[in-house]
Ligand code: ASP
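Just one chain follows, in the form predicted alone, and it is written as structure tokens.
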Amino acid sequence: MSDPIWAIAIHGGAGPAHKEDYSEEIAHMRGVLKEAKRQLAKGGAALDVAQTAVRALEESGHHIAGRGASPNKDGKWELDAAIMDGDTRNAGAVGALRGFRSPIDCARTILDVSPHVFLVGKGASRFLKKRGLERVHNPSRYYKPSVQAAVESGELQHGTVGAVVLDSEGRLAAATSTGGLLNKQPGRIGDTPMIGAGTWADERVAVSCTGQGEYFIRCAASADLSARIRYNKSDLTNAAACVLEDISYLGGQGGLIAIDRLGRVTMPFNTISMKRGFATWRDELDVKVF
């Protein structure tokens, strides 16, 4: 009897290289993948593993998401996240969220207990305050921005973390979390929490995007990847490359990670770097930045 097929890919954002040495980020991402391997090997569910992996990336402070997020122009932290179950296409998302430690846990709570998919701002906060999620009461003390200032040469500097997972039961899931653009306009929401733009999972593929969100929204990037597989009978790698080509055609930058139902992984990007890694049932595990 063959071993069950499972796989996971994670990312810590695509964009310019903010420093030369990423050894701490690589080591932490390897640890996240090792824990995910352990969970998946013993039958863990894709949705749970994706949430756990993204929560760990948020907590690390190594990325422009979670604890490593930067404030907006008003000096306030507004974070976005989404999670999607490919088996049911149930999803939960939060936008411009203030005062909660784990945006991905907030998104999962909306998936589990809300009749809605996407809650933002004060309405999201009021809903979530009743659910016992960990709060951030002193943002300036809790958050430790992983990048202090945007690089001089680039527009729309950004950061995101994400995970896509195939479990041993053949279920797919995607989860994405972000602090958004550096020095962003208050109230700005990017592609991350928009189902079909920055996050998507169905019976064919799971996708998590990272980059200049406005372009990914305009391309409906993650849903388009699945559509290319469904309607064009495209393979995963070609479908992802075509989506990223569409982003590039509009002048956008970024990358994505995707897994299909056969456990195949692709992680293309058109930026200088993308923190990314994957692990599979074949005992593969790798993390790269450039």
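What you see is a predicted model, and the numbers here were worked out from it, not measured in a lab. Quick note: we count residues from 1 along the sequence shown, nothing fancier.
There is another form of this protein, the form predicted in complex with this ligand, and it is not shown here; the text below is about that form.
- Only one of 102 to 110, 85 to 93, 190 to 198, 130 to 138 lies within 4.5 Å of this ligand in the model of the complex by heavy atoms, and it is 190 to 198.
- Proximity of Ser146 to this ligand in the model of the complex: non-hydrogen atoms within 4.5 Å are absent; the residue sits far from the partner.
- This ligand in the model of the complex comes within 4.5 Å of a heavy atom belonging to Leu181.
- Shown here without this ligand, the chain has no residue in 218 to 253 lying with a heavy atom within 4.5 Å of that partner in the model of the complex.
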